[in-house]
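Presented as structure tokens, the chain that follows is alone, the form predicted on its own.
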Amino acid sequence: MKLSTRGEYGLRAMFDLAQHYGEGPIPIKSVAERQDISEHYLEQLIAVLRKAGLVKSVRGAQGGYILSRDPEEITVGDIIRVLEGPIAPVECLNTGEGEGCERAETCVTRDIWEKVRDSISDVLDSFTLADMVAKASKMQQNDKYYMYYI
């Protein structure tokens, strides 16, 4: 499984909103500038995330976007599934139990691909936006400490 820019940039945008959680609506232009993402492309990603209920839009002069839930309640897996679709290394795992695959009952590789899918899902679901914000904060503190002694 290889992520497209939809997943990569969408996760960065959600991380940015999580960093500013509780500060009110964040203009999309600010997110685009901080994350070095095209504003037009980011608008498309945010629309998908809003439709999925992960972000809310606030209209008006002080408008922008906010997370719809606490950063601790949104996993990386939630975001990636919305933007990239099902997490499966092979197409036959995107359907029901072997539906559409004539070899499902005799396929010796299916168990392997299921374990790969489940492992990827477990990792993505184990990290929340709050985890990412905490890690970024720690990295920033370490960087300041390092810079102080140079």
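Given the structure is predicted, the values throughout are model-derived calculations rather than measurements. Residue positions are given as counts along the sequence shown, with the first one as 1.
In what follows, reference is made to the form predicted together with the DNA, a form of this protein that is not presented.
For the DNA in the predicted bound form, the listed stretch (86-94, 107-115, 63-71, 121-129) containing residues with heavy atoms inside 4.5 Å is 63-71. Using a 4.5 angstroms threshold between heavy atoms, Leu54 stays clear of the DNA in the predicted bound form. Looking at Phe15, you'd find every heavy atom of it more than 4.5 angstroms from the DNA in the predicted bound form. Contact check for Ile28: a heavy atom falls within 4.5 Å of the DNA in the predicted bound form.
For the chain shown alone, Glu43 is a contact residue for the DNA in the predicted bound form, at least one non-hydrogen atom being within 4.5 angstroms.
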